[in-house]
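A lone chain, given as structure tokens: the form predicted alone.
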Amino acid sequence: MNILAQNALVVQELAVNLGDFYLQDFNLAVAEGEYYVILGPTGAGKTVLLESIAGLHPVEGGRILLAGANLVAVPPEQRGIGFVYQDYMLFPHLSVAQNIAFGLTLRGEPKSVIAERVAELAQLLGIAALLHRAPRTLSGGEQQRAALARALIVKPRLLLLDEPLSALDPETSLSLQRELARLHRELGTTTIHVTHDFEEAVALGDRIAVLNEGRLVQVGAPEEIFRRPATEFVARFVGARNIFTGELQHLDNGYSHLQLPALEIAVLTELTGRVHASLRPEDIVLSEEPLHSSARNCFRGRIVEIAERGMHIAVTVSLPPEFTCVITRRSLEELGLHVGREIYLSFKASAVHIFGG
């Protein structure tokens, strides 16, 4: 990535010490115009990182480069960065229009320019009819749109979004998720979006960075994070569910064999020795009889748990070990599944992801 690109961000060896939490030797690179999602659990350091980039915490070491210029000594209001928090932080004593206009008002822009820009963003975000309202009279989704407009009105070089959808109900969250994707397509603002929701990250991110305890543990395209987690932490966090540790045995017709304590699984890998393996629940097929297919792995086990998971059903089958798969309610009914029943499960060798032990 060209760090001199107009709105590219590069964080180098960043050190921030807040006493009870610190970032140490932290590195990050976001391309100009990229929608970059940082994914991690509560307490991983996502908000601290954003606030440090925005200039809200003192930096002990390292550099924060935006378009090649080091921002570490630059005051927050001069960095050209827009920031949207999960709780919106709209000014309660100002109208929606005054909230949106705030950044340009501070700059002393002409009223005509401010009014034009407020109207333009309100139209873009679908809140033109709400400009006269007080923030307290708005729904959560409307408040978040107003907060986005306030951040975008100054045409920031970088937009930081701190869990922007977490306080919303599922339907509103999905609607605003589509809105964020559309805004990014239309405006092309370099964006860093932090979240703990993997589905949200996959839907929005050009790339995803997984953060744990103040360190990036994997960076890649959504499909790579989803299908090829680099560590056991990432595998569990992105919902692989079926994670095992075993020894890789000899090659057989291009396949390796992963030896678990009570089971041998055919896999495709060039690794050897002790390794981890992950298998996504949706890659397992359940059947009443052994399947005649390309799947190299087919085993018989007993159902030990059936659990509702929203639109899907999670079925846990013990061989041993235990495997969890995801099926539809229709499949559950058609197969007549119940706890205690024996069932076959099948999965391809290529569906098993092998990573270092």
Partner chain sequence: MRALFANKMHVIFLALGALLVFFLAWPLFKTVTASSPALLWETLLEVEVRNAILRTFYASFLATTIAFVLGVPLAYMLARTEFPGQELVQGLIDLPIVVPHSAAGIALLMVFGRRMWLGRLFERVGIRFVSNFPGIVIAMLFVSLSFLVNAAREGFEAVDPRLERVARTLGASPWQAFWRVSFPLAWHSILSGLILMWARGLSEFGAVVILVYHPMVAPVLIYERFESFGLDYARPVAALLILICLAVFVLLRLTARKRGVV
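Source: prediction; values computed, not measured. Residue numbers count along the first chain shown, from 1.
Only in words, not in the display: the form predicted in complex with the partner chain, which the text now covers.
- Residue heavy atoms within 4.5 Å of the partner chain in the predicted complex occur in exactly one stretch of 68-76, 206-214, 230-238, 260-268, and that stretch is 68-76.
- Between the partner chain and the residues Ile225, Leu90, Leu279, Leu161, the one pair within 4.5 Å by heavy atoms in the predicted complex involves Leu90.
- This chain is displayed alone, yet in the predicted complex one of Phe198, Phe244, Tyr255, Phe102 has a heavy atom within 4.5 Å of the partner chain; that residue is Phe102.
- Mapping the unseen interface onto this chain, Glu32 falls outside it, with no heavy atom inside 4.5 Å of the partner chain in the predicted complex.
- Contact between Ala54 and the partner chain in the predicted complex is found at the 4.5 Å heavy atom cutoff.
- Though the partner is left out of this view, Leu106 does reach within 4.5 Å of the partner chain in the predicted complex, counting heavy atoms only.
- Using a 4.5 Å cutoff between non-hydrogen atoms, Ile81 counts as a contact of the partner chain in the predicted complex.
- Applying a 4.5 Å heavy atom cutoff to the partner chain in the predicted complex picks out Arg150 as the lone residue from 118-150.
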